[in-house]
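A single chain, nothing else alongside it, follows as structure tokens in the form predicted alone.
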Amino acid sequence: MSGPIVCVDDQPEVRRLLAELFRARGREVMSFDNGEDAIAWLSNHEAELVVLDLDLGAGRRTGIEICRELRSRLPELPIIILTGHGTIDDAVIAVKAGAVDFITKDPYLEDKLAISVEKVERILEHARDRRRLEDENRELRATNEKLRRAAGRRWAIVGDSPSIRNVMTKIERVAPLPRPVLVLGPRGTGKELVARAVHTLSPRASEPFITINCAAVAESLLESELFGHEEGAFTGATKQKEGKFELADGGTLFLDEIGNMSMEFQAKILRVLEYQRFERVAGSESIQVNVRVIAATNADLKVAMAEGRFRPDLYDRLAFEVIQLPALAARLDDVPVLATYFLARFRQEVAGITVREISAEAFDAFASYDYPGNVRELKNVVERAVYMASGEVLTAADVAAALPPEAQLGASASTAGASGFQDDARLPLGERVDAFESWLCRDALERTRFRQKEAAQLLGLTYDQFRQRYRKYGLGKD
């Protein structure tokens, strides 16, 4: 689908502002002061994007209601909700209604929209890429090269919570500068994605992006991996080898888990950062490079420095800019957007996926877990739920079956009274325990659609242990 950008807002000055911003970027714009006229126009014309005000005036349907109708008629049309009084709840409702983004108006609307245009254009580009890939798949013309290009775009950081907006602001601000960056955050939060984003947005984007996980390489081999070695430097060194610093010359070197380096090796890294010079193992030639270093760790470097396990001077050298990634539990309002993104990616990567959308109840189920593995764990849960589901709409039951057992047990125990279990304090303790155990087993069966092996796994039991309880409590009876 192609065509103009449709802007719907009851305020003339906002319509003019949107039109000026988009036309300045070469886009054609159609403006409407109410949703009904926009729907009527879209019934006979194609559009690239709809920017829709949340409040369209008294007596008129809200932007959420217009969004739902447009989504039902034009499921592929991207819709952005614009509001003057947005809350996190509004944002979640907008995403559930089918909006791809949620932008808040304020007295500085013009400045804010100018900053947001870049993000809007990324959304448009993503929509165009998605349509192109879907057309190619339908026509059986997708090639391996196109799939590799799709994979190359996966550095994109998804989310619109304040913490992620702050991360993106830092990335965009520091990317053009030839200085080190330190990325901190728990496991699974996307530290390498941030490093790739910094590289991609920098003047070095066409040069190499080289990565190494410092925790995965033995200390005795790390020097050779980073600096290279000469022939005969050690047993097995049958030829000269270039290290990661040489391979990254002109580009970016990503040092993951730098907190695992010994103090002695940290001194060597500090010297290379300061002088951009080093020697290969067993070499005498001083090699000059031009490498931007981005380092990352999930360790608390302030504690490590206090305990003498990390050099303060190396920290100072790396921390020209520090980008702190939040745990997913601290930005659960991003879960619906992330889940939708992972579903779209999974559908592109795997043929035969039946799920096309996520229900509101499934979004709630995704957000009910705190994800100690963060975004990486959410991605795995989404993909497990999608591949196990049988319908076109992902349900809460599908999500529950994909969540880890500890999430299910925690949810069962905390919501037992509200979900049907009634404890009778007048009964002896043994009977009360049996009643609760029976309820847990039946609840596990219902969550797994009465697949006994999966119910056993959900409860952390062997199949034989579950079968004993299945017979004991007569769970096969109506």
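As the structure is a computational prediction, the values presented were derived from the model and not from experiment. One rule holds for the numbers: they count along the sequence shown, beginning at 1.
In what follows, reference is made to the form predicted in complex with a small molecule, a form of this protein that is not presented.
Contact with the small molecule in the predicted complex, defined as a heavy atom within 4.5 Å, holds for exactly one of K268, K241, R347, K379, namely K379. The partner is absent here; in the predicted complex, the one residue of I157, I103, A396, L201 having a heavy atom within 4.5 Å of the small molecule is I157.
With the small molecule omitted here, the record of contacts in the predicted complex names 180 to 188 of 276 to 284, 180 to 188, 72 to 80, 91 to 99, defined by a heavy atom within 4.5 Å.
Across the proposed site, E207, F245 and L314 without exception lack any heavy atom within 4.5 Å of the small molecule in the predicted complex. None of the heavy atoms of F366 is located within 4.5 Å of the small molecule in the predicted complex. In the predicted complex, the small molecule stays beyond 4.5 Å of every heavy atom belonging to E361. In the predicted complex, the small molecule sits within 4.5 Å of a heavy atom belonging to V375.
The closest heavy atom approach of L193 to the small molecule in the predicted complex falls within 4.5 Å.
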